[in-house]
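Before any questions on how it binds or moves, here is one chain, the form predicted on its own, in structure tokens.
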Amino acid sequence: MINGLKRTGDLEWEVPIGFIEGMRVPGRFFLSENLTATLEEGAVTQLANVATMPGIIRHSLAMPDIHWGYGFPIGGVAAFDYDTGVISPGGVGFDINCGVRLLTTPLTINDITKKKEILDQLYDAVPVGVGARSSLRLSPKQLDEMMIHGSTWAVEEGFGTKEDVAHCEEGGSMKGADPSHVSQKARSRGVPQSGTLGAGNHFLEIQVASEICDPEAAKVFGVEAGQICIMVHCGSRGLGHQVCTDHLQILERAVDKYHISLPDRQLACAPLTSPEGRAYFGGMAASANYAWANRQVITHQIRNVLAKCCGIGYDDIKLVYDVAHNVAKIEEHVVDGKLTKVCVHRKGATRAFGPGCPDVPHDYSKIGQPVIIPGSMGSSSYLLKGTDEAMMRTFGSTCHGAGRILSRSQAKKTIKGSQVRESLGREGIMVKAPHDGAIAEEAPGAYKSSSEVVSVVDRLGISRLVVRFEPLGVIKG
């Protein structure tokens, strides 16, 4: 293990104050013995860097999928006092509201004998790849409505059902969205991309529920063993990326204006209540709503394809839940015994609110919110549930995925996409992608074990296993 770190539990490590100069709170991360070899020193330094930021509360946190990112480590969680703290794009990421949604179908594995045909039609219906363009053409007014109302806008435009909105984090629409803080360049990137998957680690996957770990919770979430499900992973596309880029330039100047001392300029930030901080929050929330609407439009396209190919009804395909894992949100948490208004940054981390929390959908209130953790291509994905333990220890947060161990460029240098495709094919997993390079950079060997990562959060109790899924067909962005 890296020098200077303290082990504080079987699965818990501390980055003590003093690890780097200026830390206001300790860092804390969660890791099993099996994952310690994957820990990057740079990611630990980033965790310590975050601990120097004004207004940070309790700890700078990282989940077991921790790896190096822009500013904050991916897998990072940090809560800042609303009155004295800051907001930072580095704590959200460039793909604002990158997230995951899980759909159930009434189908079993025996009902999808024409898997190649289904995958081909899904591939045609959901544009993929860098700069992928949708057949939708939004007017400026429609784009504004999309950024303000998110999933609700999409459903009102005919891209889903009212029940979908209730099963999205934040109801698929963050308050505080302000399209006036979204530049014309960002708008021009967003107009042609509504309903597109994008590139990188984004995917659309046909899965089968292979193991029910918590029958009671699985029943409440509407998932049964052997059921065919669809998982979608994507975000706010070029619009969100441009919003991040634009506001980073503003916030880099704000660091000097507000005399904020930072160990890394990638942590550029501003006080939450400053004009610059409020502007970023407004643009970020608008991007988050764009992402929820984007996933809603993709859901509509999936429903149409499955209804046509499998002879099932549009409404037979249910949305279990939609979670964001790149976002900053204003929430209330108990700090030093008092309910306190904070801004929680989750950068590659998933909200995991427990039973009874008012933000959990009514029909899931007794169980806790669904937590969706995708695996890497070819490995298991998981449905978990939020817990009271997460509310106490991690500001209601858990991991978001497997976590990379190879960068995309490293993966493409060492792994051949064609070989990955053939290997997965022998396991019965069909893959479609724009090119073999897209498969290589997201190959299973580029990631930690999703099962090990999920095992850590389950053993810690910051979320609990409900269902395991295995991939059958994958569309890579």
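Numbers follow the displayed sequence, beginning with 1. Note that the structure is a prediction, hence the values are computed from the model and not measured.
If you look for the form predicted together with the DNA, you will not find it shown, but the lines that follow are about it.
At a distance threshold of 4.5 angstroms between non-hydrogen atoms, R303 is out of contact with the DNA in the predicted complex. Residue contact with the DNA in the predicted complex: Q242 places a heavy atom within 4.5 Å of it. Interface membership of N201, defined by any non-hydrogen atom within 4.5 Å of the DNA in the predicted complex, is confirmed.
When the DNA is considered in the predicted complex, R408 lines it closely, a heavy atom lying within 4.5 Å.
Of the candidate stretches 209 to 217, 91 to 99, 247 to 255, 381 to 389, only 91 to 99 has residues with heavy atoms within 4.5 Å of the DNA in the predicted complex. The putative spot formed by G131, K185 and Q193 is fully lined by the DNA in the predicted complex; each residue has a non-hydrogen atom within 4.5 angstroms of it. For the residues R393, H181, K318, R189, the 4.5 Å heavy atom test against the DNA in the predicted complex is passed only by R189. Taking R351, K347, R237, R295 one by one, only a single residue has any non-hydrogen atom within 4.5 Å of the DNA in the predicted complex, and it is R237. In this stretch, 206 to 221, not one residue has a heavy atom within 4.5 Å of the DNA in the predicted complex; the partner itself is omitted from this view.
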